[in-house]
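Presented as structure tokens, the chain that follows is alone, the form predicted alone.
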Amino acid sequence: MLKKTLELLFNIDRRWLFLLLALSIFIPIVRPLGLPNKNISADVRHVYEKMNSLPPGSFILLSLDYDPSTRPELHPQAMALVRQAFERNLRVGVVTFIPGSTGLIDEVFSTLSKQYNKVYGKDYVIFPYEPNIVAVLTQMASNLYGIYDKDKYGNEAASLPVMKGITNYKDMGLVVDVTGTSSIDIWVQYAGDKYNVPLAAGVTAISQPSYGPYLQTGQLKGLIGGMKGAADYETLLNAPGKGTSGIDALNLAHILVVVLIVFSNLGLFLVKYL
């Protein structure tokens, strides 16, 4: 009886397995399950703790330099960082050196500003896209209004309440570069090393190992790596989002594949020797 049952299962239409795998991926993406995440990266925790150590009203600068091609990994990181900043009542400034990121930045703030009742110009400001990152970082060392005299909507930047008391790097509590490019190297060279600006970063998983030396020397205060890093940050915030749902989907799919492999091999063994 068992042998016949196993033989029937081995002859099942493989499309049912494909459907089962698709569901194991689709369901967590639609509704994050929040599977236990007990292996939180120390580098991610350092970013979280650095943000938490800043007193309310401190100013942080986010350099959001990613486009739709790296959105799945980096957009959840940006969302988590802004969420924590708003929860901590930190003032947020945003710059970008990637033209494809402007719409993604608008999406982040249009979503979270409503959730936390934050007001543009008072709690956060978005500066226009600038193509020359070296020129911008050099100018911000002395007077950022020399290059960002207006925000992206044409308002006088210095007159905005969010920019009160902010002139250059020394007035910023933290700079975080979330990027799919090599802009972190430029931030370290032109801001971190020269002016002791506290820097942290968010990167794709494939580029994460490249920045280990910066962490070892303290040039980066912390690092969020890939979708796993975003999920770790969401866990620390107790706010499951796209990072958590992505990792849930990967975990469920892997578990399903392992179970099917084990079951198939065990079943074949039983069929052969029963």
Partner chain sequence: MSHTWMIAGGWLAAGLTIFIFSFLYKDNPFFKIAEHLYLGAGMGWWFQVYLYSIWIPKVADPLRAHQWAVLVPAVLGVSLVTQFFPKISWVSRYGFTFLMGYGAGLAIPTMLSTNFMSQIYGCIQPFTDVSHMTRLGMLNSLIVAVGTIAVLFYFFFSVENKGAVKKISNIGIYFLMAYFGTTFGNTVMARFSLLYGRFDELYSYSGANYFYATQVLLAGMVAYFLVHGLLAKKKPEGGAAN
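Residue numbers count along the first chain shown, from 1. Because the structure is predicted, anything quoted here is derived from the model rather than measured. Whichever C-alpha set is largest while still superposing within 1.5 Å between the two forms counts as the rigid core.
Not pictured, yet referred to below: the form predicted together with the partner chain.
**Student:** Contact check in the predicted complex: F18, T70 and K242 versus the partner chain, with a cutoff of 4.5 Å between any heavy atoms. Do all three pass?
**Tutor:** Yes, the whole trio is in contact, each within 4.5 Å by some heavy atom.
**Student:** Even though the partner chain is not shown here, does G100 get within 4.5 Å of it in the predicted complex, heavy atoms only?
**Tutor:** Yes, G100 is a contact residue.
**Student:** Would you classify F59 as touching the partner chain in the predicted complex, given a 4.5 Å non-hydrogen atom cut-off?
**Tutor:** No, F59 is distant from the partner.
**Student:** Are any of the heavy atoms in P213 no more than 4.5 Å from a heavy atom of the partner chain in the predicted complex?
**Tutor:** Yes, P213 lies within 4.5 Å of the partner chain in the predicted complex.
**Student:** In the predicted complex, is there a heavy atom of the partner chain that lies within 4.5 Å of any heavy atom of N168, even though the partner is absent here?
**Tutor:** Heavy-atom contact with the partner chain at 4.5 Å: absent for N168.
**Student:** Hey, of 156 to 164, 115 to 123, 78 to 86, 100 to 108, which bit sits against the partner chain in the predicted complex at 4.5 Å between non-hydrogen atoms?
**Tutor:** Careful reading of the contacts points to 100 to 108.
**Student:** Need the contact residues for 228 to 258: heavy atom within 4.5 Å of the partner chain in the predicted complex, sequence order, or none if there are none.
**Tutor:** K228, K242, S245, G246, I247, A249, L250, A253, H254, V257, in sequence order.
**Student:** When you overlay the rigid core, is the Cα of G226 off by 2 Å or more between the shown form and the other one?
**Tutor:** It does not, since the G226 C-alpha is displaced less than 2 Å between the shown form and the other one after the core fit.
**Student:** Would you say whether P28 is displaced between the shown form and the other one, judging by a C-alpha shift of 2 Å or more on the superposed rigid core?
**Tutor:** Moves: yes, 2 Å or greater.
**Student:** Work out the direction of the Cα-Cα change for A205 and V258 in the predicted complex: closer or farther than in this form? It's 3 angstroms or more.
**Tutor:** Nearer in the predicted complex, by 3 Å or more.
**Student:** L256 to S69, Cα distance in the predicted complex relative to here: closer or farther, by 3 Å or more?
**Tutor:** Result: closer.
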